[in-house]
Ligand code: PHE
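Single chain ahead, by itself, as structure tokens, in the form predicted alone.
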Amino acid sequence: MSQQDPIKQCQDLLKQIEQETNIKAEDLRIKYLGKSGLFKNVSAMIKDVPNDQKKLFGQTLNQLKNKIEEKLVSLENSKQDQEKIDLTLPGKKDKVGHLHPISQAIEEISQIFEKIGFNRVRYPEVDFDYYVFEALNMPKNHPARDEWETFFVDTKPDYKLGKMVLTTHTSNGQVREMERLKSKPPIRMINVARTYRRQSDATHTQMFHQFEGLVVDKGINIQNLKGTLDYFAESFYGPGTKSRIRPFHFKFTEPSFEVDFSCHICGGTGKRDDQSGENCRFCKSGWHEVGGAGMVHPNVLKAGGIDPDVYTGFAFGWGVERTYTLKKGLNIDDIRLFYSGNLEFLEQF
């Protein structure tokens, strides 16, 4: 190979680049400017060029590189011209996620109670036996504990507070809130958290959410509780929804009540329609049971360091999933769907 060959090769590549027509821009870039491209190969020949011709060789190399870059720009522009855009077509929407339906329900419930002065708090979901049972008037070995189907944590018990458990209800936050405020009412608490019980069927899951309301102050009575229940019923389910309380028994309230809300399907009549006289298929009686409530037991107030002769209070606690599924138009008959991971179901909310 003669000393003129590198310059001649540059000149040949200049002619070749002009003839490149049926090639994509990226392919041309790789062919000429890639790690093993033609431009790199010919550039490496500078060591074979005599000193008196290096200047000419360099000028020819620059011409070649400029020509390659011009060709690339030309091919890119040609490609854009071929891709015609119809500006009248609707744009492509980005896929945007949303909160889980239970998270949406928790947010709505929190806002409803915050409007009447409740303070949103959060307490442990793995807590000591003392706060989950004993401080709530359920001493050790009391048979009422069996009703909660408790998960116990395999860890060394605290000699004062007892074993660790997965909280069976959000009521463990009651005495903790009293302690946080140094036993100085007024207290207006709404506690929302996960709870756990060894139950699983269409209306129960082993993990579910509850919201706990607690009010403690001077002169608090059942009328205050009933007014709060009616306010929530109308705010969450719509105007005209009523609440009903029925005598029941809970260890941490006295007196205690089961809470029902009027059915939004039949308007609380319990009838399917005026003509047939058949019972409402959704509620059967005009009411839906949602949870428990009552006046805080004096022993619970004492556990929180509050004098029950001076202060009284009420508490209520319901499952978020249960409360949410009773909303008009949902018709969800199995709360396990919320945690199935089924996108076709979740994307409806």
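Heads up: residue numbers just count along the shown sequence, starting at 1. As the structure is a prediction and not an experimental result, all values here were calculated from the model.
Quick note: we don't show the form predicted together with the ligand, though the next part is all about it.
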query	finding
Close approach of residue 197 to the ligand in the model of the complex, 4.5 Å, heavy atom	yes
4.5 Å heavy atom contact, residue 316 to the ligand in the model of the complex	yes
4.5 angstroms heavy atom contact with the ligand in the model of the complex for residue 292	yes
4.5 Å heavy atom contact, residue 169 and the ligand in the model of the complex	yes
Position in contact with the ligand when the complex is considered in the model of the complex, options 250, 261, 128, 232, heavy atoms within 4.5 Å	250
The ligand in the model of the complex: contacting segment from 37-45, 316-324, 24-32, 50-58, heavy atom within 4.5 Å	316-324
Stretch 208-239: residues contacting the ligand in the model of the complex, 4.5 Å heavy atom cut-off	210, 212
